[in-house]
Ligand code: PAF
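Given as structure tokens, the chain that follows is alone and in the form predicted on its own.
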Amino acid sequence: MKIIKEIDKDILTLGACLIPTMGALHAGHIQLIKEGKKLKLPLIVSIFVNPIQFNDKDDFANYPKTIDKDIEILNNLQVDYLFIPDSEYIYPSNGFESIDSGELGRKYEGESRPGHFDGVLTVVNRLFELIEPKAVIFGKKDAQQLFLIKKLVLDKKYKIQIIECKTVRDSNGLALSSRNILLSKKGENIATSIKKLLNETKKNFLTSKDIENSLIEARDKLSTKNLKIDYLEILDYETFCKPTKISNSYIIVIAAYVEGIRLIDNLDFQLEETL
């Protein structure tokens, strides 16, 4: 594996597969890399903790950083390139394009984290400009982020294949996240309620077809003082907006705090699914 801090002309000719990360790699990232290897393209994994997507300075400062362990993992997986850029390279003083995530970027996750998706799309766009990848792989856990990135690719007319990978979970159903290592064992146990809440909401909705009551019933049944829900919504999967009468594909999105750590998750399904 070659570790690089800048992208040269030789890399631009590769037509590589890119897997953008912020480090603190876990089994979910490993699954993305395994999917990337199936493409038979040169594989670039980037590690960059993007400062402009954090609206909370403490959150940025406390974000887990395990670079030595990350390098060992990527070496063992025989990744071709590890891209670890400096902030000044990603955001040069002579200017770069700032991306506005639009109305959707200010809802749900964006409402609680102002400017978050502007920062995400700006750094992703910079990575696309610098690397010119043929394919990029993202996990489906960050559903709103993935939706906005796919829209960015369409708006910019990038010739990039976006590959989506299913959320990887632990044996208790908790979605894997770099932030999970900040939780105590008790916190991890509490966090398993998030997946239960998603399942309960889906069950209620498929039974009643009533969105508001489905959300209320799920909250009431699985309420706990140790799980602080920020938002819980049922949306149209195709538009990431409120469902309409013709909606058939749905996604339930949730953000919650456990021990002060913000966790997100989602569950997508079809209306015709059985319980």
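Worth saying up front: this structure is predicted, and the values here are computed from it rather than measured. In case it trips you up, residue 1 is the first one in the sequence shown, and so on.
The same protein has a further form, the form predicted in complex with the ligand, not shown here; the description that follows concerns it.
Heavy atoms of L267 never reach within 4.5 Å of the ligand in the predicted bound form, leaving it off the interface. Of the heavy atoms in E132, none are within 4.5 Å of the ligand in the predicted bound form. The ligand is not drawn, but in the predicted bound form it has no heavy atom within 4.5 Å of A143. With a 4.5 Å cutoff on heavy atoms, S214 does not count as touching the ligand in the predicted bound form; it lies far away. Contact with the ligand in the predicted bound form, defined as a heavy atom within 4.5 Å, is made by all three of Q53, V124 and F138. Contact with the ligand in the predicted bound form, judged as any non-hydrogen atom within 4.5 angstroms, is confined among 100-108, 82-90, 183-191, 116-124 to 116-124. Residues of 14-38 that come within 4.5 Å of the ligand in the predicted bound form, judged by any heavy atom, are P20, T21, M22 in sequence order.
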